[in-house]
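Given as structure tokens, the chain that follows is alone and in the form predicted alone.
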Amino acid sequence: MTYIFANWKMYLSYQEVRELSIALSQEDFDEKKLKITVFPNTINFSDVARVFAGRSFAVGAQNVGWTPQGAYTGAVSALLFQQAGAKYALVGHSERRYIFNEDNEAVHKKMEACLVEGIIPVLCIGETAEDLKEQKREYRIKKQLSKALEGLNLKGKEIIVAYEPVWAISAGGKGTPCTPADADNVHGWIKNELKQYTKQNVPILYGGSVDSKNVLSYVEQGMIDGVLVGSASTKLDEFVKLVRRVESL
């Protein structure tokens, strides 16, 4: 089984999200081979969930608030997303960490909230260009994993990890992807690290400038269980081509 997760971020207008989701809903992909999930913006979330109801697509939240209800202006809780149909939620994406100053404590709380509400959290981890230059990749990832997972009851709980080196994430399609061999090595190391937190097999996805041209070079690696796609997933023809290439394996 290969995971293809599409993070639409804030690239698309309200109408563009509606049009893209309707067009994608008309595509038939092999459910036995692929797990496809889209992560629309919060405004469009309920509409997209309705479009994909009964289809093989799942829908996920790009971010969640950790408190179920209360006086938290502007927040949307994991509970509310679960009630609206979310199966997954991105937690700790680098754009949340480095643009919105989301710290490790917030990431931990959001992981816990997702698990409590029955949403599968997709924990995003990865080093910056500075970390890589200073040979602190393993240090950074180890710290992100420990801060997010220590103290959580993961018994019988499903989680996913997305390795997204910050320096490889594209800005509108312009990025420098991590080499497949390097990504595979890091995924293997992460899988070993995760053994201290859970006995379950945790799927690990690669994210960072993934497109239809390079996707096979990642998913054909032995340690990579799928991809988290950004800007390439917002273009119908490009995303369908990407999915078809993975489906052909």
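Counting begins at 1, following the sequence as shown. None of these values were measured; they are calculated from a predicted model.
If you look for the form predicted together with a small molecule, you will not find it shown, but the lines that follow are about it.
Undergrad: Heavy atoms within 4.5 Å of the small molecule in the predicted bound form: does Thr37 have any?
TA: No.
Undergrad: Within a 4.5 Å heavy atom cut-off, is Ser21 in contact with the small molecule in the predicted bound form?
TA: Answer no; every heavy atom of Ser21 is more than 4.5 Å from the small molecule in the predicted bound form.
Undergrad: Is there a non-hydrogen atom of Gly226 within 4.5 angstroms of a non-hydrogen atom of the small molecule in the predicted bound form?
TA: It does not: once the small molecule is placed as it appears in the predicted bound form, Gly226 has no heavy atom within 4.5 Å of it.
Undergrad: Is there any non-hydrogen atom of Glu95 lying within 4.5 Å of the small molecule in the predicted bound form?
TA: Because a heavy atom of Glu95 falls inside 4.5 Å of the small molecule in the predicted bound form, the answer is yes.
Undergrad: Counting only non-hydrogen atoms and a 4.5 Å threshold, tell me whether Thr2, Ser217 and Val246 all contact the small molecule in the predicted bound form.
TA: Heavy-atom distance to the small molecule in the predicted bound form: none of the three under 4.5 Å.
Undergrad: Which one, Leu79, Ala89, Ile141, Ala168, lies within 4.5 Å of the small molecule in the predicted bound form by heavy atoms?
TA: So the residue touching the small molecule in the predicted bound form, by this definition, is Ala168.
Undergrad: Just give me the single entry in Leu205, Val64, Val210, Val59 that has a non-hydrogen atom within 4.5 angstroms of the small molecule in the predicted bound form.
TA: For this set of options, the contacting one is Val210.
Undergrad: Any idea which of 160-168, 127-135, 105-113, 142-150 reaches within 4.5 Å of the small molecule in the predicted bound form, heavy atoms considered?
TA: Every other range fails; the passing one is 160-168.
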